[in-house]
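Okay, so here's just one chain, in structure tokens, the form predicted alone.
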């Protein structure tokens, strides 16, 4: 049996997982979807037990029927000939998605970590609604493109509110990539909300009595899932709002998760049918855990390196085990 890894070519997290799989004697086939169709090739026949055939890249080949699991971590988009017209390119992209994706996604008894369709389900508003439905605490949240709604929300919250991106964590402008961090709105910014009308924005109650942040990495989707929790203590004002803004100031501490939070997280993962997730919580001074988001293809090595939590090993063991 073998493991298919679909990831961009340069990714240290993927490298670490593959190294752990190789140490366990598992055959690994790594590819980037950006290689298709120029250097990644599919040959699949539909038989009585589903799709059978091969994936090939260069002189490497994997048999679809031998797959135990798929580690799907941020592969790049399909790459096509520059000679295609816009209409041809649009057609080729759709055919590649439906052809390659349709064959891989329908393979029987294969564990996906995580299935791209499940990742696509996890829009931030959907996550927050699901978190609330399973009993997790969620800060008051507004999604709007109306400046007046933001003012109403700020009055109702009665304290600081933040704005954060719904999707991409960075933006390309003025020839460079700029990170989009969570930002506490000032009085001046609330007085001038021009631009809100251009698209959807997410505004949220700011948990001002924050004791620390929490990164909870969960491996496995059932009752036997493993939870690796690290408190993240900010050493600067910027990191206190968004820890990504100042990694050098952070300190970490391994902590336990309350039973009710663990139960809510497991219910959340069942809801989305995922078997891996990086959850961000804000823990206030009374010990309440506020769910901020879950990244189903999140980073975890910075926590593992700082705390020694064996996340990579647990993930490799899950991929070796495959579907239940």
Partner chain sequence: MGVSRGVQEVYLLRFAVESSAAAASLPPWRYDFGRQIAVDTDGQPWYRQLVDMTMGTTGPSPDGTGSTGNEEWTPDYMPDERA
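What you are looking at is a predicted structure, and each value in this text was computed from that prediction instead of being measured. Numbering follows the first chain given and starts at 1.
Unshown form predicted together with the partner chain; subsequent notes refer to it.
*Asks:* Thinking of 19, 119 and 183 as the candidate spot, does the partner chain come within 4.5 Å of a heavy atom on all of them in the model of the complex?
*Replies:* Yes, because 19, 119 and 183 each have a heavy atom that approaches the partner chain to within 4.5 Å in the model of the complex.
*Asks:* Of the residues 140, 177, 155, 253, which one places a heavy atom within 4.5 Å of the partner chain in the model of the complex?
*Replies:* Going through each option in turn, the one that passes is 177.
*Asks:* Using heavy atoms only and a 4.5 Å cut-off, determine which of 44, 263, 257, 57 is in contact with the partner chain in the model of the complex.
*Replies:* Partner contact (heavy atom, 4.5 Å) among the options: 57.
*Asks:* In the model of the complex, is there a heavy atom of the partner chain that lies within 4.5 Å of any heavy atom of residue 146, even though the partner is absent here?
*Replies:* No - in the model of the complex, heavy atoms of residue 146 and the partner chain never come within 4.5 Å of each other.
*Asks:* Applying a 4.5 Å heavy atom distance criterion, does residue 35 contact the partner chain in the model of the complex?
*Replies:* Residue 35: contacts the partner chain in the model of the complex.
*Asks:* Within a 4.5 Å heavy atom cut-off, is residue 12 in contact with the partner chain in the model of the complex?
*Replies:* Yes, contact at 4.5 Å.
*Asks:* Is residue 228 close enough to touch the partner chain in the model of the complex, meaning at least one heavy atom pair within 4.5 Å?
*Replies:* Because no heavy atom of residue 228 falls inside 4.5 Å of the partner chain in the model of the complex, the answer is no.
*Asks:* When the partner chain is placed as it is in the model of the complex, which of 218-226, 99-107, 130-138, 205-213 ends up with heavy atoms within 4.5 Å of it?
*Replies:* The contacting stretch is 99-107.
*Asks:* Can you tell me which bits of 195-211 touch the partner chain in the model of the complex, meaning any heavy atom within 4.5 Å?
*Replies:* Residues within 4.5 Å: 195, 196, 198, 199, 201, 203.
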